[in-house]
Structure formats: structure tokens, C-alpha cells
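Next up is one chain by itself, shown in C-alpha cells, the form predicted alone.
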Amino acid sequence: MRAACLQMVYELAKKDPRVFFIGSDLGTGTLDAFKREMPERFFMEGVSEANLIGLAAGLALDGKIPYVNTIATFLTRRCFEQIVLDACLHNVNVRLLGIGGGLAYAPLGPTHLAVEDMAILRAIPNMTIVAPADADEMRRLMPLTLEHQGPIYVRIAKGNDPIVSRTDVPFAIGRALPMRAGSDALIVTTGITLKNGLDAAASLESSGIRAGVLHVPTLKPLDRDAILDAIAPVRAVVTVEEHTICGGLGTAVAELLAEAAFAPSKRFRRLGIPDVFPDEYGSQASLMERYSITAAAVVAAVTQLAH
């Protein structure tokens, strides 16, 4: 997914002179073709992430479209004030590309695990947050970032994730995408957890539970109407995210449910990282298993709620 994202930045830059790339100590070889062919629009600034946001905001105020690429934790934790005051307060067209969203950097421990990145940014006015499911969805997203008004955060997964998105489901920023119909329960996913949701729904069908899957790649602005329409006919709703359950997808859906006041009320559960710092080193897969962000956990939750 990361390679697809950066390749798209290069392709967009070749077509649009407003596109700039700003990186933070990303290693040799990153976007070499961009650097060679368009050096006046390529900046590799080292470990000075807060300054990069100011640089990007300045370029955006001058009509440019800067894409800032660095590790997700550095963007969202270290640069919070600059994102708020320089990018969001002025509502400028800065594109923040956060590498390693969720548990992708599991071997590096909690300092590098972006488990609250979307919650942090969701609280900021004017911010758009998008978490694609795979490299193909990333390729559909990136051209849309050119003309979108205001700052965008793109959550980039580890890479080599299975392709589960579909070209027959039109992608648009701000839209929830129906991936599978179901009348008993609804599984709501974002980012790479779409695969968990689809696998769980297929498993549940064999036991007689028809679970729909609604993919929410855009966490903000939330597609309120589509989510509530998908929830209306079912008894149970389960959200699944590679993110803390505090302030992310599960919280957003819970807020919608509370205000919609369905009668009878819906049975609801959030699956994600609990309110803890992940305290084990390992692989992304091993930590997702530890925190029950798996298809099997989704099956168990839906089964319990749907009966």
C-alpha cells in the first residue's frame, strides 16, 4: 500500500505542477524518480516533522498541493499543534501520508504503534481522514486528493495486504461502501479490517447468520446516512478496527446509534485495541490476534449478539 501511495504521488506530480513531496528521513531510494525529474518539488527534510507541517502549510497557502510522508506516530503525536494551527485552522490543502497506521510497526514497540492516530485527528475541525483497505483502493483514492478542499490524513498500512476492495463499488472520499448485503447483522470496518469483516461474514453464512459488511474508508467526514441506512434493518452491529476503541470507528458509530435512538435498540459491540499501550513486541498479525482483531473474533461477537 505504501509503494502504491508514493507511486501515485509521483504520477500526480508529473501531471500537475502544484504537487510537491515532503519527506522526513525516509531512507535512500524513496521516490528517486521524483527527485531526479522534479528536484525543485522534492524535499527530504530529515527528522524535523513539526517544521515540515509549517513548510507544507506555507506551500498550500501559495496554491501548491504538498504531500507530507512520514511515520504515522510522528505525524499525529509530534505534530499535533502544527496540524491544528497551520493546516486545519487555515483549511489548506495539505496531504498527510501516515506510514504504518495501526500495528504495522509491531517489531518496534509502542512508541511506533499508531493506535490512536485517527482519534487524535478526528477531533480537529476541517480534517478529512481516510484509511484505504488495500493498494488498489489507495490507487483509487489518490487522484481524488488533488481537488479535495482542506487537509487530508491518509492512513497507510504495512503493505502486501490482500486485495479485497472492488472496482464495482464506486470509491469517493466521504462515502461508506457496501461490500456485502445481510439482514441479520452488520459488520462495519475501516482500513485493512475489511478483510476480517468479509471473512467473518462468509463464515457466519454457513451457520445461518446473514451479516452485511459496510466498509468505511473515510472516518471523517463520516457517511452518517449510509451507515444508519445499513444499520436500520439488522439486529446487531459490530465494528472492527486496527485502532483503539476510544475515539475511532467504534466510537463514531456508537455516537450515531445513540443519537438515532432506534426502537427497538440495536445490539452493539466494538472490536479493536482496548485502552492500553500495547505491551508486547511481535508481528502485526500476532498483535491483532492478541487484541482479537480477527475474523474469528468478529464471528464470535456477531454470533453472540445476533441470537
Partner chain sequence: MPGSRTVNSHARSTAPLDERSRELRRVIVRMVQAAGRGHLASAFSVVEILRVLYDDVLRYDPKNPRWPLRDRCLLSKGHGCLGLYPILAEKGFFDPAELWKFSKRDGILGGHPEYGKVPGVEASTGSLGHGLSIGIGFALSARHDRTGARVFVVIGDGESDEGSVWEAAMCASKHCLGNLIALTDYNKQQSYGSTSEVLDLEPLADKWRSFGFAVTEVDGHDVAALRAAIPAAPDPAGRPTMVICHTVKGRGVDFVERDLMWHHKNKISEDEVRALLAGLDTP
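Residue numbers count along the first chain shown, from 1. Keep in mind it's a predicted model, so treat the numbers as computed, not measured.
Keep in mind that the form predicted together with its partner chain is not shown, yet the notes after this line are about it.
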Can you tell me which of 74-82, 210-218, 111-119, 224-232 lies within 4.5 Å of its partner chain in the predicted complex, counting heavy atoms only?
74-82
Using a 4.5 Å heavy atom cut-off, are Phe20, Phe43 and Asp62 all in contact with its partner chain in the predicted complex?
yes
In the predicted complex, Leu31 touching its partner chain (heavy atom, 4.5 Å)
no
Quick one: is Leu89 in contact with its partner chain in the predicted complex, heavy atoms, 4.5 Å cut-off?
yes
Just to confirm, Gly54 within 4.5 Å of its partner chain in the predicted complex by heavy atoms?
yes
State yes or no: in the predicted complex, is some non-hydrogen atom of Pro274 no more than 4.5 angstroms from a non-hydrogen atom of its partner chain?
no
Heavy atom within 4.5 Å of its partner chain in the predicted complex - residue from Ala258, Ala50, Leu26, Cys246:
Ala50
